[in-house]
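Before any questions on binding or motion, here is one chain by itself as structure tokens, the form predicted on its own.
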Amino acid sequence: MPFQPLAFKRLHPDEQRQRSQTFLEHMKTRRTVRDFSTEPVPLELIANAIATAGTAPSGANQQPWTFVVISNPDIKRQIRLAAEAEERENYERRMSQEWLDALAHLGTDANKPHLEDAPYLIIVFVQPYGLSIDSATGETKHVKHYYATESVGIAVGMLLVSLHQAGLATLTHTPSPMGFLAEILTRPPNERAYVVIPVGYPAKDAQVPVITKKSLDEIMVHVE
């Protein structure tokens, strides 16, 4: 594989600190939103965010992800109904009391109106393996993807940051199980649903729970 010089601009330390602090303060304003406005959002913002996610590092640069963007009301309705059916099973039968207690302060339940209200749903799929056609035999071969789950996790983080940077609200939703998503969206067999991300503007009366994040001292260990 050919190589090329790295395009890298060294910043002055003052600019580094300023950029770092400004970005930190901006990201502190990001919140998970469950109350969405139905107001339209320019598709360009979604496309730019997904393009940003596509720049994420991945194992062997295999880029084992697919981002399915849904604005069709009928498809969003199908997804909501299927997700709520699974969530009712979770809340009523599958979840342990310990799990329910952990969720209680967030005020969540099996009702997921945001899956229809948000103008877009981004369904992220992970590809544990790729598909290629053998030129000699015409057979479809499986190509193992390395660190696929970790790679998609990084890409999703970059996607959420980019959407926040564009002034949009998001929610990370992981109905369990999620097999219905591949069925509704007729995805190929090498794709597995990873997360559902409703995207849009928050409703004017949107509420979020009062929560705190761990302090830097609690999450950072400096080994000198």
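Owing to the predicted nature of the structure, the values given are computational and were not obtained by experimental measurement. Residue numbers run from 1 along the displayed sequence.
Here the subject shifts to the form predicted together with 3-iodo-tyrosine, a form of this protein not shown in this document.
Between the options E92, D109, D74, D134, the residue in contact with 3-iodo-tyrosine in the predicted complex by a heavy atom within 4.5 angstroms is D109. Although the partner is absent here, T38 lies well away from 3-iodo-tyrosine in the predicted complex, with no heavy atom inside 4.5 Å. In the predicted complex, 3-iodo-tyrosine lies farther than 4.5 Å from every heavy atom of Y146. Residue contact with 3-iodo-tyrosine in the predicted complex: T174 places a heavy atom within 4.5 Å of it. Heavy atoms of L103 reach within 4.5 Å of 3-iodo-tyrosine in the predicted complex, making it an interface residue.
For 3-iodo-tyrosine in the predicted complex, the listed stretch (125-133, 94-102, 74-82, 149-157) containing residues with heavy atoms inside 4.5 Å is 94-102. Heavy atoms closer than or equal to 4.5 Å to 3-iodo-tyrosine in the predicted complex belong, across 18-34, to one residue only: R34.
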